[in-house]
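Take a look at this single chain in structure tokens; it is the form predicted alone.
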Amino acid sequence: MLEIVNYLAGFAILASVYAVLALGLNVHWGVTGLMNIGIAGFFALGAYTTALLTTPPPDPAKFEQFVFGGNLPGLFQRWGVGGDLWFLAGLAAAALVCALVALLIGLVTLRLREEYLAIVTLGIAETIRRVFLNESWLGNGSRGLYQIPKFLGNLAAPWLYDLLYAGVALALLLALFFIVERTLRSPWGRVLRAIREDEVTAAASGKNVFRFKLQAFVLGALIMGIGGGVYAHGFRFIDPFTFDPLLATFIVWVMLMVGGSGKSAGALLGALVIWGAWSGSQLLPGYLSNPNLRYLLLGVAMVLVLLLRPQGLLGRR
């Protein structure tokens, strides 16, 4: 029984994280038309930011002590952020760092055409991942960061913690969903949709297209950073390989395409359907559970959706 509870809790946490990433991508691509292929970069930035602020500083020379017996508090604890407020502070820091990085990237790249923007964001995401991989002083290199603290960590039973944290992740997802939905239904959101449909007409109507694109890019990256923070405290271990482009970028695009680009609810539904299919296929026997086959099936599913129902399951008409 406990194994089933643990599996469902882990599924709910990861599905919530992917739904948050898909929400951010929907702001970029589904609403504004910005082709961001660097989701993994913002995902990694969010996770590493909150992890570095809440765990002991990495010391590759004392790896065993760091993993198994390090007692130094994280920066937030040393700064007096007590109780469980450090968790919210970590998420806020992750969102802020991703927003600042997106602002710098957007100032340089958002005047590029779609295909060039996609290439640049992919390159930046890989650069971020390689920095964390090669600079051991920053994130402990390929060994990653362990002992990331638990939110509500006073609960002794691991299965109970996983279950409650799944509830926290779902609550954060719903809060982000309602905030994003209200924002996109505002006049500001309608300008973004106008830019996606016809950028020239939006500019002719007196809208500063570059400024609106930059704001949308920062908002989407901020949301992705929160997803990274939720992931870090849910699984309490991150390394650069966690943010491989296949599982941190490609699969998020499939989720949005299947659920429905342009609809926040479509991003949530796509995350649930695709992650359910991905994690459920691990239970299949033999070669059917092979990750390479699952990647192939995801690609086929995306092509079929684009051919047969390009608006997705819940997409706009």
Partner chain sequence: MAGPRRSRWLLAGLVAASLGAAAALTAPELLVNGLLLGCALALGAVGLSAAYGILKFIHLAHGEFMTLGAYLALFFLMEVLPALGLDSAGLGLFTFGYALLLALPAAMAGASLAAVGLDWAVYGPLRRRSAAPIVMAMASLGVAFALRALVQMVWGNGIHQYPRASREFIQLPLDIRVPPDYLFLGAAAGIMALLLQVFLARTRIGRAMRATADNPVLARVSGINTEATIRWAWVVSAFLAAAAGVLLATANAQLRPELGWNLLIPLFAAAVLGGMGSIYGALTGALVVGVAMEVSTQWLNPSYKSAVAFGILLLCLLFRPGGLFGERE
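Residue numbers count along the first chain shown, from 1. No experiment lies behind these values; they were computed from the predicted model shown.
If you look for the form predicted in complex with the partner chain, you will not find it shown, but the lines that follow are about it.
Novice: Look at the stretches 144-152, 219-227, 180-188, 125-133 and give the one with heavy atoms within 4.5 Å of the partner chain in the predicted complex.
Specialist: Only one stretch qualifies here: 125-133.
Novice: Find out whether any non-hydrogen atom of M302 is located within 4.5 angstroms of the partner chain in the predicted complex, and reply yes or no.
Specialist: Yes.
Novice: At 4.5 Å between heavy atoms, is P245 in contact with the partner chain in the predicted complex?
Specialist: P245 belongs to the contact set for the partner chain.
Novice: Would W253 show up as a contact with the partner chain in the predicted complex if we use heavy atoms at 4.5 Å?
Specialist: Yes - in the predicted complex, heavy atoms of W253 and the partner chain come within 4.5 Å of each other.
Novice: Verify the contact flag for M35: yes if a non-hydrogen atom of it lies within 4.5 Å of a non-hydrogen atom of the partner chain in the predicted complex, no if not.
Specialist: Yes, M35 is a contact residue.
Novice: Of the residues I119, L103, L174, V168, which one places a heavy atom within 4.5 Å of the partner chain in the predicted complex?
Specialist: Among I119, L103, L174, V168, a heavy atom within 4.5 Å of the partner chain in the predicted complex occurs only for I119.
Novice: Using the arrangement in the predicted complex, list in sequence order the residues of 93-111 with any heavy atom within 4.5 angstroms of the partner chain.
Specialist: Going through 93-111 in order - heavy atoms within 4.5 Å of the partner chain in the predicted complex - the hits are V108, T109.
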